[in-house]
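In the block that follows, a single chain appears as structure tokens, in the form predicted on its own.
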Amino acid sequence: MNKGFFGQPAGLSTLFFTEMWERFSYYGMRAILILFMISPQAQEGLGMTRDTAGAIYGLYTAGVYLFALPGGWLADNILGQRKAIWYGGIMIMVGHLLLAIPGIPLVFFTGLACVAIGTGLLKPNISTIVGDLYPEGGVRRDRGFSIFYMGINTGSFLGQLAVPLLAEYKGWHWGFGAAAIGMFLGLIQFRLTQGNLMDIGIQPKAKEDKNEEQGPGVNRGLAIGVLVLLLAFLGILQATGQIDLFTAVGFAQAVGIIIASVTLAYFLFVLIAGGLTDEERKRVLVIFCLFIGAALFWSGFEQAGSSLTLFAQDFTILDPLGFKIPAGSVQIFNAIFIVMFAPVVGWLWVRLAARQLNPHTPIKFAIGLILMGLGFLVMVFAAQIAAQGTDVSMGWLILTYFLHSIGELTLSPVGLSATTKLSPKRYLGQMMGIWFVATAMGNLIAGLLAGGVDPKSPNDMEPLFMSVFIFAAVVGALFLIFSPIIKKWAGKEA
């Protein structure tokens, strides 16, 4: 393949800009979503309570990652990656257009569903094609993914800057419309330049490789088991009156219980009946530990779009220079810090490895969790100041986003890499899907936590922030304590 994009294959430019515009639309819309849902109907919002809005926000952001599982399967078995990206992008654009139609809740929820399903089609498959550009693997492939990751954060920055500004000064539906335009530009760019990809992503993977180690019967049996378990849990929860499935909060709680239960059942299935060696079982147990750590990390980190955005709106000085910054735009600092410090963190691991000092995976997870917790400790102090009746400086949120961003760089790419290394080959695709499930679980918890706070009480915010800090610190400490055992189970892949 010709080199035509920063010394990389020309096809990387196609995927870079497609992903950039998709992330523009996703993060831009996410930045205003919960604010739109709680905004009074007189201000063209939906006028929801915060617990309902938080639950819907959590269900939507969780759905985005859960739909990556069937989205990857459809591409591998029926559509191929290229068609999955194209149709997914169209669904995302249509979803944002529906969100831009004012005053009809049913249309709004339909739009959210379209965006979630479309993202599930596009997101995992565009990353798959990036990997396919580098059949030789190695350092060049890592650099390609680093450049691709820059596209993600460039789109995130631009979306979180432009969409909230339009929503603030022109109206909510201008913001949703801008997200649709962003995805439209991504689709046009993809269609015009997809020739750079040659024949990559056209043929479904299942037709390319008919020598899979795991037969379809295992997947079919697992799918049937998951479906039965899901229906059983829904029935039990409804019959016992433990959860009202007909409220947004109740349904979100039920979905959270089901996700956790199905994941646990899947790991038990693989460990007991998956035909693994003793060494493979130990590595799968390590993946399970990493799954728990990742889900808890994202449950705090992903409050950027919920409780932290609500704090920015209610208790933060947003016009220090006389120009009001929309509450949703404060999230751009995460993207800025990722772009600034991703090369630094990568360089640091290389330097430490050269001196035989590179921390192994559970230590890095501990660092990431503790940094995320420290970000919420910062917000505890900010909430205490706000409780005295004084709006706080934006610097508190900026410092929190800095700590969270460094924590993300410490945990997220390391966990992704470890999952690929530790997974038994015949379960690699499924274990990568489990990584998406951890993110989905974290997003759902984040939405539920944010919905449980009083809209105008920093005294209600402080216990939430303190709880997240303590929980993250404790889990991080547990990763430190048990790191020798986890490292031993992981073997050389730690």
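All figures in this text were calculated on a predicted structure; none of them were measured in a lab. Each residue number is its position in the shown sequence, starting from 1.
Keep in mind that the form predicted together with a small molecule is missing from the display, and what follows is about it.
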key: the small molecule contact at I152 in the predicted bound form, heavy atom, 4.5 Å   = yes
task = Answer yes if any heavy atom of T439 is within 4.5 Å of a heavy atom of the small molecule in the predicted bound form; otherwise answer no.
result = yes
task = Although the small molecule is absent from this view, report whether D76 comes within 4.5 Å of it in the predicted bound form, heavy atoms only.
result = no
query = Does at least one non-hydrogen atom of Y65 fall within 4.5 angstroms of the small molecule in the predicted bound form?
reply = yes
ask   = Exactly one of F176, F365, F311, W298 has a non-hydrogen atom within 4.5 Å of the small molecule in the predicted bound form; which residue is it?
value = W298
ask   = Is the small molecule close enough to Y27, K123 and E408 in the predicted bound form that each of the three has a heavy atom within 4.5 Å of it?
value = yes
key: Heavy atom contact within 4.5 Å of the small molecule in the predicted bound form, the stretch among 348 to 356, 144 to 152, 163 to 171, 91 to 99   = 144 to 152
